[in-house]
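Below you will find one chain, with nothing else, as structure tokens; this is the form predicted alone, and questions on how it binds or moves follow later.
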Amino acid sequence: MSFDIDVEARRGDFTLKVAFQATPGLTALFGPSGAGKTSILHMIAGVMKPARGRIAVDGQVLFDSAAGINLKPEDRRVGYIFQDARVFPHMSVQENLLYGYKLAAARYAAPDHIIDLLGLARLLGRRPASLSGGEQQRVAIGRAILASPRLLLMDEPLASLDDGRKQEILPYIERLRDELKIPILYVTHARAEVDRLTAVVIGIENGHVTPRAG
């Protein structure tokens, strides 16, 4: 699968204009806070509409201003991982995971495989309130993957965790990078995460792609 974006958007005096491509594996969008990284994810997910441009995943057009195409978020098959886990507190871990699986329009991710990949087997019967922040984030990642997205967006998924929890979850993100056959866009302003997770880095500053990252 491949991913292509070439868009422009405006918010007040801020103009965001970016174009880049990504292939299966993890691509980092790296830059300071306020650079426009999260806005890029919002446009891909369909919760923010570009002023113009085109977004496509594996040949499927999600947005094309010239052609009048703007798919609804639920029709884009894009997984989104937020800074906070946003798991359902009234559901068990297993119920959270299967919620994503039941929503999938087309399935390629198997529950047993993702549970093993993220080390969740011993947590299946527990509620989110009894989990650590890192465990909750792993559940949120599993739920998103079990919806079988074409593209996975990770918006500073470690930002709310302390250093110990970050070190706990990083190996799982590396496993996703190595085993999922889809593009992963990983937003961060933490150089240590970039250095560990990927050699593919797109620098974002003041709403534009920079010649070099960092």
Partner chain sequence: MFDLSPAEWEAVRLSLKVGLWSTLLSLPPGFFLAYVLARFQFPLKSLLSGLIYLPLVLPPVVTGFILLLLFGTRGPIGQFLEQVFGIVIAFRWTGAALAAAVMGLPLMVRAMRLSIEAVDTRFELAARTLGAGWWRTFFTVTLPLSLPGVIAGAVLSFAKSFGEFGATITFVSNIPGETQTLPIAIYSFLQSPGGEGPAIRLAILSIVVSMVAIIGSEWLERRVVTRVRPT
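Treat the numbers as computed from the prediction; the structure is a model and nothing was measured. Residue numbers count along the first chain shown, from 1.
What follows is about the form predicted in complex with its partner chain, which we do not show.
> So in the model of the complex, does L170 come within 4.5 Å of its partner chain, heavy atom to heavy atom?
Replying inline: L170: no contact with its partner chain in the model of the complex.
> D116 near its partner chain in the model of the complex, any heavy atom under 4.5 Å?
Replying inline: Flag for D116 set to no.
> Should A35 be counted as a contact of its partner chain in the model of the complex, where contact means heavy atoms within 4.5 Å?
Replying inline: Looking in the model of the complex, residue contacts with its partner chain do not include A35, since no heavy atom lies within 4.5 Å.
> Using heavy atoms and a 4.5 Å limit, would one call G125 a contact residue for its partner chain in the model of the complex?
Replying inline: Close contact is absent here: in the model of the complex, G125 is far from its partner chain, nothing within 4.5 Å, heavy atoms only.
>> Within 4.5 angstroms, counting heavy atoms, which one of the listed stretches 181-189, 143-151, 25-33, 61-69 is next to its partner chain in the model of the complex?
In response: Partner-contacting stretch among the options: 143-151.
> Thinking of V47, D84 and Y99 as the candidate spot, does its partner chain come within 4.5 Å of a heavy atom on all of them in the model of the complex?
Replying inline: The answer is yes: all three residues contact the partner (heavy atom, 4.5 Å cut-off).
> Counting only heavy atoms, which residues in 159-181 are within 4.5 Å of its partner chain in the model of the complex?
Replying inline: Counting only heavy atoms within 4.5 Å of its partner chain in the model of the complex, no residue of 159-181 makes contact.
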